[in-house]
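In structure tokens, one chain follows: the form predicted alone.
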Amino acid sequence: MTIVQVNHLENYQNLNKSKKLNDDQFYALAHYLKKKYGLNIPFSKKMMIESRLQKRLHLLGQPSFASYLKFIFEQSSKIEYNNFIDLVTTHKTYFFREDYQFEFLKNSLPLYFQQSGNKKRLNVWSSGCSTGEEVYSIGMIMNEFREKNYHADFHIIGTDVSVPSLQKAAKAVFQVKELEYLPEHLKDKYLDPILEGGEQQLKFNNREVSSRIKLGALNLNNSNYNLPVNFDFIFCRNVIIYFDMPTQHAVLKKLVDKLKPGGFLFLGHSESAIGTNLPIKSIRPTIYQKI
């Protein structure tokens, strides 16, 4: 895993001094994001990108998009580059999103653990973990299993391209409205109410789970994934939908390469690995097992 590096964005010098994102600017950004991250951003998203980035122009006192892009790519402001990537990527998530997958994980753990020879540690990868809700949802499921199977253990790696999102995940503080799909018994067991910024919020506060989670920045468009282990379970949900088809296939292959035989891959509800020649079989919609 590596922290995102700032690369030069070509062809932005022709842009004018406007706080509106013009077509040339958009196409330059879209080209850069596709080349580096595999993101497929159509022209219909131009207004959305402009709206998100205008907030940063205002906050930083930048007089134009040209000066803002120069600040990021020519002056190599690493912190602002991370903010830029955070704004142009999507982070919609919540606890136990697509809950049938978590139910499948919970129900499959006893047999999977037995068939694996009751090996001590199960490894899980959340490959687009965003602000942490997915990581902690997985952690609660795995810990509930561990408490009933004392010789079992687990380790979770959470990665994302957005450093600010990872920082929020590490902080593990959530607004009450972000927890509406979290079962009450798990909320009471794993989260504590705190007062932050004058608001009542909840902090994930279970060391048994937190000590087994490691977070880091990773670009799924990288040629290889420098991860220390292969995994029993990989979650890559609502991520590849933003890639073009060749990038989707390339990312799926690299994910399956990191999956142990018999391990499971979970995709988002609008994503599919059907039709690929990968060594996996469909178990349920969006759930695949490596052959």
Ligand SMILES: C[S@@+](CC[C@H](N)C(=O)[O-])C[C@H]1O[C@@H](n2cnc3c(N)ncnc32)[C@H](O)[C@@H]1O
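The first residue of the shown sequence is 1; numbering continues from there. As the structure is a prediction and not an experimental result, all values here were calculated from the model.
Heads up, the form predicted together with the ligand isn't pictured, but that's what we're talking about next.
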{"property": "S137, heavy atom within 4.5 angstroms of the ligand in the predicted bound form", "result": "no"}
{"property": "Non-hydrogen atom contact R146 with the ligand in the predicted bound form at 4.5 angstroms", "result": "no"}
{"property": "V161 within 4.5 Å of the ligand in the predicted bound form, heavy atoms", "result": "yes"}
{"property": "Contact of S116 with the ligand in the predicted bound form (heavy atom, 4.5 Å)", "result": "no"}
{"property": "Which of 57-65, 226-234, 253-261, 34-42 lines the interface with the ligand in the predicted bound form (heavy atom within 4.5 Å)", "result": "34-42"}
{"property": "Interface residue in the predicted bound form among Q201, N206, S77, T93, criterion: non-hydrogen atom within 4.5 angstroms of the ligand", "result": "T93"}
{"property": "In the predicted bound form, the residue from L191, V124, L220, L105 that sits within 4.5 Å of the ligand by heavy atoms", "result": "L220"}
{"property": "In the predicted bound form: members of 227-262 within 4.5 Å of the ligand, any heavy atom", "result": "R237, N238, V239, Y242, F243"}
